[in-house]
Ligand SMILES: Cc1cc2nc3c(=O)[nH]c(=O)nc-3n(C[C@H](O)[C@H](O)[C@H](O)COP(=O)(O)OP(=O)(O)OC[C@H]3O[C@@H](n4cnc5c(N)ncnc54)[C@H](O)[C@@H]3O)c2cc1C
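Before any questions on binding or motion, here is one chain by itself as structure tokens, the form predicted on its own.
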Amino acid sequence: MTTKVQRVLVSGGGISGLAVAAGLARCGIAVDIIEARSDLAIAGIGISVPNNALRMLKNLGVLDDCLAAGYVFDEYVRCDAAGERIVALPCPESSDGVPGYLGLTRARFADILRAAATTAGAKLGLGVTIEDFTEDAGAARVSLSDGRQAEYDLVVGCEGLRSSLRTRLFGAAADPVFTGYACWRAKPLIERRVSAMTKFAGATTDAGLVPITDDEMYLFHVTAEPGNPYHEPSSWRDLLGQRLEEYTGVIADVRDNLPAASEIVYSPLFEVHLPRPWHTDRAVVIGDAAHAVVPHLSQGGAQSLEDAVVLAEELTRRPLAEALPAFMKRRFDRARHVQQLSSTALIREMAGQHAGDLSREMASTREYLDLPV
């Protein structure tokens, strides 16, 4: 393993998979992407993209496309359950002009990343999974569900929470851990009412609105769901409405204009704590497969993008045997710290975080995320 990688298999067509494929293919590395789904229809609603993630998108050459597709804003607003403002915190742009925050639809974001990867030369195969994996000093050898057998210099697992490659490599020790909470998401049937990420503090819940286009916004609502109960999807609209009953003002308007149950997304919140290293000699897992994080600092997709960009940088700078440890050195502590910050934010917000403490916490978090990746 004294030469740089030339051929890579990326397993998973989500944020981290498409981003790392784009980064590698832009540097001339042959990349195959496989995705278990037979289509790339996106179930999510919207996504909040903070400044540290936007810097990664600039590195990948897609920042302008993302900015054109979404809604740029530069502050974080905290309100009470009636919509009265408690505090507004700035999200300033970077010294190189990258904005503070962006909201956009998940479908458009996925389209942009997919186009970046395939335009750079990555090949995408749908409905395909890894059936068998072995590795030795010469290659990573995979058998795929479509009957193909192939050899690669490296396999990158970007399969999310339930990563089969992670389990294959590291066993069940890093299986997802339920946090006790869940997030409801929906695009309300009314025009945008906020111009920045705006959170509303209930007594025991947390709701928020994020602008994603000039006309649209999406709702997220975090609730305690002890024991991770199953909720029949056909009931999601009614259940979400019930969980929003304590709110007045703009959230009440949203509650009265929820879409059909089929247009609502319900996601139990899990974390993944994969110990270092996240790799063997010829395989590595990144993104949610390695360090799934709760969404309270908008860092799930952001940390996946940081993984992707850093891994692509290291793989194109140095031989594989050096690149993977270098990747871990740059990413493990940062990802773990962001995971802890996000978990703390979840607990404190659900307990009714005092505005002054929130201001200090957000400022400290922003300073940390401003550090080079």
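Numbering starts at 1 and runs along the sequence shown. What you see is a predicted model, and the numbers here were worked out from it, not measured in a lab.
Not on display, but discussed next: the form predicted in complex with this ligand.
Interface residue among Leu258, Ile251, Leu269, Ala283, judged by heavy atoms within 4.5 Å of this ligand in the predicted complex: Leu269. Contact annotation: of the candidates Pro211, Gly301, Gly202, Pro188, the single residue with a non-hydrogen atom within 4.5 angstroms of this ligand in the predicted complex is Gly301.
Heavy atoms within 4.5 Å of this ligand in the predicted complex are found in exactly one of 128 to 136, 67 to 75, 272 to 280, 240 to 248, that being 128 to 136.
Across the proposed site, Ala110, Asp206 and Thr223 without exception lack any heavy atom within 4.5 Å of this ligand in the predicted complex. In the predicted complex, Arg192 stays away from this ligand, with no heavy atom inside 4.5 Å.
Contact annotation: Cys183 falls within 4.5 Å of this ligand in the predicted complex, judged by heavy atom distances.
Although the partner is absent here, Leu54 is not a contact residue: none of its heavy atoms lies within 4.5 angstroms of this ligand in the predicted complex. For the chain shown alone, Ala36 is a contact residue for this ligand in the predicted complex, at least one non-hydrogen atom being within 4.5 angstroms. In the predicted complex, Arg106 is the single residue of 73 to 111 with at least one heavy atom within 4.5 Å of this ligand.
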